[in-house]
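Shown below, as structure tokens, is a lone chain in the form predicted on its own; questions about how it binds or moves come after it.
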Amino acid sequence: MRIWLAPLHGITNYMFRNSLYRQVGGIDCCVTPFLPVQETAKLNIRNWRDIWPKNNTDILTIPQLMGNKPAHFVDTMRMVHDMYGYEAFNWNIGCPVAQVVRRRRGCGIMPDADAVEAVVRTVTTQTPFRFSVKMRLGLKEPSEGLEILERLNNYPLDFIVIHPRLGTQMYEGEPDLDQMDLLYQHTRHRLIYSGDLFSLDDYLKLQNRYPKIDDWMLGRGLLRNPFLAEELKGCFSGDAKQRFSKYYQLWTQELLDSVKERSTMAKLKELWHYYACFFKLSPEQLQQLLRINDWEQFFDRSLQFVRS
């Protein structure tokens, strides 16, 4: 059983990942938030701090790429390898955000199976790197994902991550496990399941349904409960609130060492939408916290919830 940290754009950057890894166990690998592919002449990967090797020493890290032009993938992967040494890459064709989809990136490319296959064919025939794909059921129709999956059976991919929702659903509604069943049955590749895995009970039901899957990706579930990976692996120990308190204070200090108090507060407010589940805050309590605009007051009030 392997646990993967999901790439959540704007959240799971290297500072977040390192702070989490140093305080909790059970996480084996991660995929970074996406980076845009470009032709060699336009690349400036020296600014890509999220994949600097010195920022990723704690755990296996795979850079995720976003784009739709095969040659740009080859150029980007070669330069990232030459400069930073990475030998494995992931392609995001699952992002459902509207501005991404409009540019035929992320989930926006899924209706065009020819374009998806062109990227995979080019990368797997023109580079020596391990390549994987993170996808959804489709953008508007589950038939999109099924066609892509069947075509990808012809290529030596490292693995495929599947989130069993359509792009048009964003993160609403229930995952469509009946459609996931079809993809599970029609792929020859190693699958990683991603989507609405929030508890040990969720995992046991999914593991029973998909016994050939050994890799599980946690995103929002791990934000709601930082110790979820430990719980799934049966290695959780200690007092959850005490451990969270230590984790929260170290993560806050990590932020303050890098950005100003206002930016730290904005980032923590985003995360408190998830932390509220861990502490079972009422909507009113959460809103009271989020309405505070003074850093000292916000941090003191958040610590009250953490220590209560």
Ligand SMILES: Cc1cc2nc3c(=O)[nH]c(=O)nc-3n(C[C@H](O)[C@H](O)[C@H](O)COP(=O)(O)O)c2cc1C
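In this text, residue numbers run from 1 along the sequence as written. The model shown is predicted, which means the values in this text are computed figures rather than measured ones.
Although it is not shown, the form predicted together with the ligand is what the next lines describe.
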- Every residue in Leu8, His163 and Gly219 with a non-hydrogen atom within 4.5 Å of the ligand in the predicted bound form? yes
- Task: Answer for Glu147 alone: is it within 4.5 Å of the ligand in the predicted bound form, judged on heavy atom distances?
- Result: no
- Query: Does Ser194 reach the ligand in the predicted bound form, with heavy atoms at most 4.5 Å apart?
  - Reply: yes
- Contact flag, Asn92 vs the ligand in the predicted bound form, heavy atom cut 4.5 Å: yes
- Task: Would you check, heavy atoms only and a 4.5 Å threshold, whether Phe198 touches the ligand in the predicted bound form?
- Result: yes
- Note on the structure: As a check of understanding, the residue in Tyr171, Tyr210, Tyr155, Tyr84 with any heavy atom within 4.5 Å of the ligand in the predicted bound form should be identified as Tyr171
- Note on the structure: Among 238 to 246, 278 to 286, 28 to 36, 260 to 268, the stretch whose residues bring a heavy atom within 4.5 Å of the ligand in the predicted bound form is 28 to 36
- Checked 128 to 150 against the ligand in the predicted bound form; residues with a heavy atom within 4.5 Å, sequence order, are Lys134
